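Take a look at this one chain, the form predicted alone, written out in structure tokens.
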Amino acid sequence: MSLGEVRDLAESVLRRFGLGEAHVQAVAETMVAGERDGCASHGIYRLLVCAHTIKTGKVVPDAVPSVHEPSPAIVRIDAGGGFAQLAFELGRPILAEKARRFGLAALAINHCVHFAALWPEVERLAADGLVAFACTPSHAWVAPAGGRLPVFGTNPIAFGWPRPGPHPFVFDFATSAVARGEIELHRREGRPIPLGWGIDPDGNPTTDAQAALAGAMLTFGGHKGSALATMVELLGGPLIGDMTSAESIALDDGAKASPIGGELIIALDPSGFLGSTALDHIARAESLFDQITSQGARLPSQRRYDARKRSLTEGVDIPGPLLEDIRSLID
């Protein structure tokens, strides 16, 4: 499929399920970006997730985000129970303007439904010449290191750094061993998952995707991932007056819809720290990237950028069974 066809399909499904027109393009574009960059777990598969979330009434389809500025360097967007994408579109230019005025600024998105990756947010801010950090809790699916009961969400963190070339330095990873969507895709395809991704309901290691989904996912790196997941819970929850992952899944009450809660995004303007020498130091940072790549190591997101280059000309491959499930939503 061409990316245009993916976009048309996504928008058709979202409209069919009654998502407000103001949200349709922003939400669909997130899925297109996932397919474009070879991130299948955050691509068109998420249409099934969004459709279910809309159907269960766990998202406000015509939510109108509202802007609040509690202090000069902080902006809060109340998403009104809608998907996070439109709230970010509203808050991004305000965040960027504040970061340039004060050197650094923060955007809190409250009361939003979040189903996507974080790299689109930080990549867009880095493209504006800003350094960016983002994090969000989700549903309590992940056990802490040494435990067996879910406490954390997949709790991703993302970082963006502007570069002179066409692509910024970006990383985005869950603090769980893997994104939940990857386990869902393994379940759909009947494939075993690697050991270390999850445990069954009795706390035993498992390679059965369904058992891991019924039990608990695991953090990456043991106690290190567990500590980072706790940090995300605090930054994206109590700090901005929003829910923890345990509170989010309790509110879900078995609907199995997308998580609702908050997202924190921090933007830093190199010029605020360095003045007229900012570009010199951004250029100097390139030596660090050269030291990494010159020995054959790969920078985070390079695989995404390579996939992006291919898909823009060749389109993307969508598994037949998944495409059938999606098209059945509008038949």
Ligand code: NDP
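Counting begins at 1, following the sequence as shown. Nothing here was measured: the structure is a model prediction, and the numbers come from that model.
This next part talks about the form predicted together with this ligand, which is not shown.
Enquirer: For the chain seen here without its partner, which of 206-214, 116-124, 186-194, 71-79 has a heavy atom within 4.5 Å of this ligand in the model of the complex?
Expert: After filtering at 4.5 Å, what remains is 116-124.
Enquirer: Are any of the heavy atoms in residue 102 no more than 4.5 Å from a heavy atom of this ligand in the model of the complex?
Expert: Output for residue 102 is no: heavy atoms all beyond 4.5 Å of this ligand.
Enquirer: Answer with yes or no whether residue 178 is in contact with this ligand in the model of the complex, where contact means some heavy atom within 4.5 Å.
Expert: Yes, residue 178 is a contact residue.
Enquirer: Should residue 137 be classed as touching this ligand in the model of the complex when contacts are defined as heavy atoms within 4.5 Å?
Expert: Taking the distances in the model of the complex, the answer for residue 137 is yes, it comes within 4.5 Å of this ligand.
Enquirer: May I ask you to state whether residue 36 is within 4.5 Å of this ligand in the model of the complex, using heavy atom distances?
Expert: The answer is no: residue 36 has no heavy atom within 4.5 Å of this ligand.
Enquirer: Of 174, 235, 108, 86, which one comes within 4.5 Å of this ligand in the model of the complex, counting heavy atoms only?
Expert: Result of the distance check: 174.
Enquirer: Would you kindly say which of 291, 277, 66, 302 lies with a heavy atom within 4.5 Å of this ligand in the model of the complex?
Expert: The option sitting close enough to the partner is 302.
Enquirer: Check, residue by residue, if 98, 265 and 270 all come within 4.5 Å of this ligand in the model of the complex, counting heavy atoms only.
Expert: Checked in the model of the complex: no contact with this ligand for any of the three.
Enquirer: Within 32-59, which residues come within 4.5 Å of this ligand in the model of the complex, counting heavy atoms only?
Expert: 41, 42 sit within 4.5 Å of the partner.
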